[in-house]
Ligand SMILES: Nc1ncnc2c1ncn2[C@@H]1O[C@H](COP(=O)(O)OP(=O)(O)O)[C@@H](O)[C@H]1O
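Below you'll find only one chain, the form predicted on its own, shown as structure tokens.
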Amino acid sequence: MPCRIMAVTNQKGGVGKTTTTVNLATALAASKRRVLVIDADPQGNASTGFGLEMDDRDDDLYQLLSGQVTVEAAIHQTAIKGLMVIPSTNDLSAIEIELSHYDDREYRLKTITDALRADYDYILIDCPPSLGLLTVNALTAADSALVPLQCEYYALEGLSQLMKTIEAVRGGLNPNLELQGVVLTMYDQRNRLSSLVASDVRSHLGSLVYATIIPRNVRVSEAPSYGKPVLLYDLNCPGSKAYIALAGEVIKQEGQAA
């Protein structure tokens, strides 16, 4: 199976983007896939979610993009078999200014990921909650964009801006970029609004929306504070089961595309 590079992106914060990256990656690795997560968010939350302390992130994405370390040095093993991570720290927030002076500024991450394709089945890039140069780098490097969408009133409004960015990248920097799919997150079955938003999104996007819905689940929220994906923290909770189902859908997509 050829490597699939996915940018997990939404310029709106608090939609479950990093949570989806960490737990989807874990579920894919549990399915015997070789997975690399690239933490492209200066907040470094995906790195924290895999239990990487700040002291363990000496060789990170900032140093890799700025040419200070090799890609081999920047790749860190996680506690999950078959799952590696290139971590980030707040230093990454300076990279957009530094890269702005380079002619290949939009392609820096693509150069790195293209060299790693033979080593992994999936590379997931956790994007920052913005549409700046880091996100453009991720979309230029990716085969597809996976979009977590919170079940709230303004969900579709933010999605339209992201779709324009995807189209802009497709129009110039990466003509092969696809929309992998939209995953509905933070679904509260007690809240009628969640159901209305889910129906609205499906009516607009149809089959692009995954059947799996990620519920609001306290165990999912607790897991990062223990430096663990929720699948390691509580395998049997509703959140874990949902991410396992989502991984199954993603794997099935690749089978259909083959």
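Just count from 1 along the sequence shown to find any residue number. Computed from a predicted structure; not experimentally measured.
Although not depicted, the form predicted in complex with the ligand is the subject of the following passage.
Q: Quick one: which of 25 to 33, 215 to 223, 66 to 74, 189 to 197 gets within 4.5 Å of the ligand in the predicted complex, going by heavy atoms?
A: Looking at the partner contacts, the answer comes out as 215 to 223.
Q: Would you please decide whether Gly14 lies within 4.5 angstroms of the ligand in the predicted complex, comparing each non-hydrogen atom pair?
A: Residue-level check for Gly14: yes, a contact with the ligand.
Q: Only counting heavy atoms and a 4.5 Å limit, does any residue of 228 to 243 reach the ligand in the predicted complex, and if so which ones?
A: Counting only heavy atoms within 4.5 Å of the ligand in the predicted complex, no residue of 228 to 243 makes contact.
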